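Presented as structure tokens, the chain that follows is alone, the form predicted alone.
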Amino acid sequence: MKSILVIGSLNADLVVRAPRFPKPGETLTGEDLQVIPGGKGANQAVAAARMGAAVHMAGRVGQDTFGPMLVNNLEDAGVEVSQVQASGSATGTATIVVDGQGENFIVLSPGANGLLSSQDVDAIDFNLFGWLLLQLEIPLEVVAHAAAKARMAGCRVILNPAPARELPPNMLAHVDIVIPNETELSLLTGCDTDDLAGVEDCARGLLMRGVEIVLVTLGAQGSLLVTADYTEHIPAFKVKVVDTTGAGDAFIGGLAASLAEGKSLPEAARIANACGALATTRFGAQPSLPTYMDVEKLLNQ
């Protein structure tokens, strides 16, 4: 199995459950605040490690109480953390409200994630890795630089373009697989994603920009796999949803681990669907990420 490198964010998730989302100016009483390890980068690293992959994490935390908690949690999950540095800024945080249906809304404070630099990327030997996972919770120029460096070293690049934002024109030429949700896909392409046909058209627009594979996450509808040669809709697994936080990260980590293990793309996408579904059945981001045994049990049902 080829090792996976994740360059991305580490956040302390400040999570509160409420019966519904508040209206502007309204105060609601929620449950007790929970502090849970998160950040898209760290979530995806843990997700891949729990699926049995060899994973290394590169990123930044602050010199506060949250930083050691996040690093220790990665180590406990089996992620190698020598490229995670402590900075003078506060550790990144995500304030998350989860409603009675398990849907969430999130406000990010980047903190130390915003201090990750291209010099940090240059210190990494990409020849040691087969796969690179990237997201957009760190500076965009660092993401673009990492993708280009990885491609030069022959490392396959997976980009999760979240949170949704516009990308530099040539950045996707250094990306092998893009994994957006419908909102992110629409922002990247400027086209309509109201139905599967629209999603496929948008995805093909990304293929024209140099991407080899587009895998769109569709929530309860599963995912849509689009390449130059074929399109496949992969149905979702039916589960009882408790909290959707981290489901997309579970999907991406599961996909990367499966591809690193040598599984075919359609098989890896089905495993990723199972990972994402299982993550919605538990509360929190990293605590909800499934193990290989969890996923195998769901696949065999």
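A quick note: this is a predicted structure, and the numbers were derived from the prediction, not measured. Counting begins at 1, following the sequence as shown.
Separately, the form predicted in complex with alpha-D-ribofuranose exists; it is not shown, and the next lines address it.
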Are all three residues 47, 158 and 254 in contact with alpha-D-ribofuranose in the model of the complex, where contact means a non-hydrogen atom within 4.5 Å?
-> no
The stretch from 270-278, 58-66, 228-236, 36-44 that lies within 4.5 Å of alpha-D-ribofuranose in the model of the complex, judged by heavy atoms, is 36-44
May I ask you to check whether residue 94 falls inside a 4.5 Å heavy atom distance of alpha-D-ribofuranose in the model of the complex?
-> yes
Margin query: Considering non-hydrogen atoms and a 4.5 Å limit, does alpha-D-ribofuranose approach residue 108 in the model of the complex?
Written below: yes
May I ask you to state whether residue 289 is within 4.5 Å of alpha-D-ribofuranose in the model of the complex, using heavy atom distances?
-> no
Near alpha-D-ribofuranose in the model of the complex, with a heavy atom at 4.5 Å or closer, the residues from 205-244 are none
